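Just the one chain here, the form predicted on its own, laid out as structure tokens.
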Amino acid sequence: MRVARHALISMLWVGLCAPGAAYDTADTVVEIEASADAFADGEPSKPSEQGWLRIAPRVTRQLSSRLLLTAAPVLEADSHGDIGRDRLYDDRDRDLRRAPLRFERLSLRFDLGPVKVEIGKQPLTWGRTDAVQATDNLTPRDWTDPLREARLSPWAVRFNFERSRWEGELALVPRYAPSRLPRVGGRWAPVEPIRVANPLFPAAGPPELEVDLEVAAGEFPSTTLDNLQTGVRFGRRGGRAEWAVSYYRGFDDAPRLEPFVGELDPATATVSILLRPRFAELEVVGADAVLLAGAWALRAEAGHFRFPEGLDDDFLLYEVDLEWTRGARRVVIGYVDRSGAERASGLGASSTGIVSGIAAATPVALDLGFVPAAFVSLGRSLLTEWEASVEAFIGTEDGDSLLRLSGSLPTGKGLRLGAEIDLVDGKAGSFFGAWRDNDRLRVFTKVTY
């Protein structure tokens, strides 16, 4: 696998640098974004700030009439250490913190008539709905900042088939990577001091010990044919209706954090607990569809999740959206829920509930933590003019909520300024309630050329 990956990178580099032939066309876009936010952190009189810088060039080069090369690196930095600084690039995407350099896409696409084959690092996104895509299980997420989810792109081979109104897709991912979680003890996963009884008392140490939590990197599934992650999707497009069915076999991107008691130090009155991720095998049978009627669209998506090892109960995840679109304006209302199993705990369950959730080794799935929920989104999007949107998620079980207001406007050629307000509310034991001290104002500037 390593030799094949290095060979592909060499081919891409030669393709980008080699002298062009008569049929060669190239397109390059560079996007630079700087953003900062201020949040209360529980003390409105003492706001905290964080900042980010993101540079994302994208190069596409038509090497021949049937061969397209795409390179889209992303270089990032932040002010607070959620993005690692110990290495520049790590394509494994298995560390607790992501490296400053990653690739959204680094691939070659072969056009073979009705079949297109793409090889390399690439995002694999399925699904039609807005909040939670039940059929979208090939690509892990980065939830380091859970209100600004980022997609991680695996090394994969993808086959796309189109003939008339029929279409199909086969994707193969040889190496597994989990979704990346917020740092335990950080802004998005706070942990209050936890004390447990000292088993050595009164022979040694005080009656209680303070718990020191540490998350391990985990033992990942081996890169073998038996562990090859596979996704198959087949569907039909029509004038007023579209549908597709899909199947995924691989591993759940949401890790289970299992606790292991480590060193007990009576002298410092502490005991270490190591949270070791475990990755469950997963099969998902899914379906999605859309019905079109003028400016209206009814979209639905569902997936049946099955865990062959029996680590979790089977469950059905589903979502229904009603969308109205006219010109640059768009309104979506929807509902998402799951049935057949208890909902995932998530790291944000509560500052102390993190331990109770871990003790049960439940999946830490932040995209399911707010389910069941209703949501609404209203927006106006036009690249050359002002943009604005309002989004609201309301947990129908706990009453917690997320309200997001955002807007931006162009101020010059390729330059856009914008701001976003995130208001989070809920009781202490709810999903969004754990982040209610993180109401924030984020401002950004984006340059594209």
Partner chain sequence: MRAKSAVIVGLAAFLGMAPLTGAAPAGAADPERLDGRAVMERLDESQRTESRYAEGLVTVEDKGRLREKAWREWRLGWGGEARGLVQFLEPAEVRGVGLLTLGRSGRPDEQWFYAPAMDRHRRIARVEKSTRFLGTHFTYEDMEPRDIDDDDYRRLDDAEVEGAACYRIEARPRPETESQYSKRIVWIRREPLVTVLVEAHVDGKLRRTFRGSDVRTIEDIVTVHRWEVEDEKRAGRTTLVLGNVRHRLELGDELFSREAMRVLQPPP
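Residue numbers count along the first chain shown, from 1. All values reported here derive from a predicted model rather than from experimental measurement.
Beyond the structure shown, there is the form predicted together with its partner chain, which is absent from this document and is the topic of what follows.
Self-check item: Triple contact flag 172, 222 and 276 to its partner chain in the predicted complex, non-hydrogen atom at 4.5 angstroms
Solution: No, the candidate spot makes no contact with its partner chain.
Exercise. Look at the stretches 113 to 121, 92 to 100, 208 to 216, 253 to 261 and give the one with heavy atoms within 4.5 Å of its partner chain in the predicted complex.
Key: Selected stretch: 113 to 121.
Quiz item: Which of 308, 238, 340, 81 has a heavy atom within 4.5 Å of its partner chain in the predicted complex?
Solution: Result of the distance check: 238.
Practice problem: Could you check which residue among 136, 367, 312, 321 gets a heavy atom within 4.5 Å of its partner chain in the predicted complex? | Solution: It is 136 that has a heavy atom within 4.5 Å of the partner.
Practice problem: Spell out, yes or no, whether the shortest heavy atom distance between residue 299 and its partner chain in the predicted complex is within 4.5 Å. | Solution: Because a heavy atom of residue 299 falls inside 4.5 Å of its partner chain in the predicted complex, the answer is yes.
Quiz item: So in the predicted complex, does any heavy atom of residue 292 sit within 4.5 Å of its partner chain?
Solution: So residue 292 counts as contacting its partner chain.
Exercise. Indicate whether residue 268 is a 4.5 Å heavy atom neighbour of its partner chain in the predicted complex.
Key: No - in the predicted complex, heavy atoms of residue 268 and its partner chain never come within 4.5 Å of each other.
Practice problem: Evaluate residue 127 for contact with its partner chain in the predicted complex, applying a 4.5 angstroms cut-off between non-hydrogen atoms, and reply yes or no. | Solution: Yes, residue 127 is a contact residue.
Quiz item: Even though the chain is shown alone, can you say which residues of 428 to 449 have a heavy atom within 4.5 Å of its partner chain in the predicted complex?
Solution: Heavy-atom contacts within 4.5 Å come from 448, 449.
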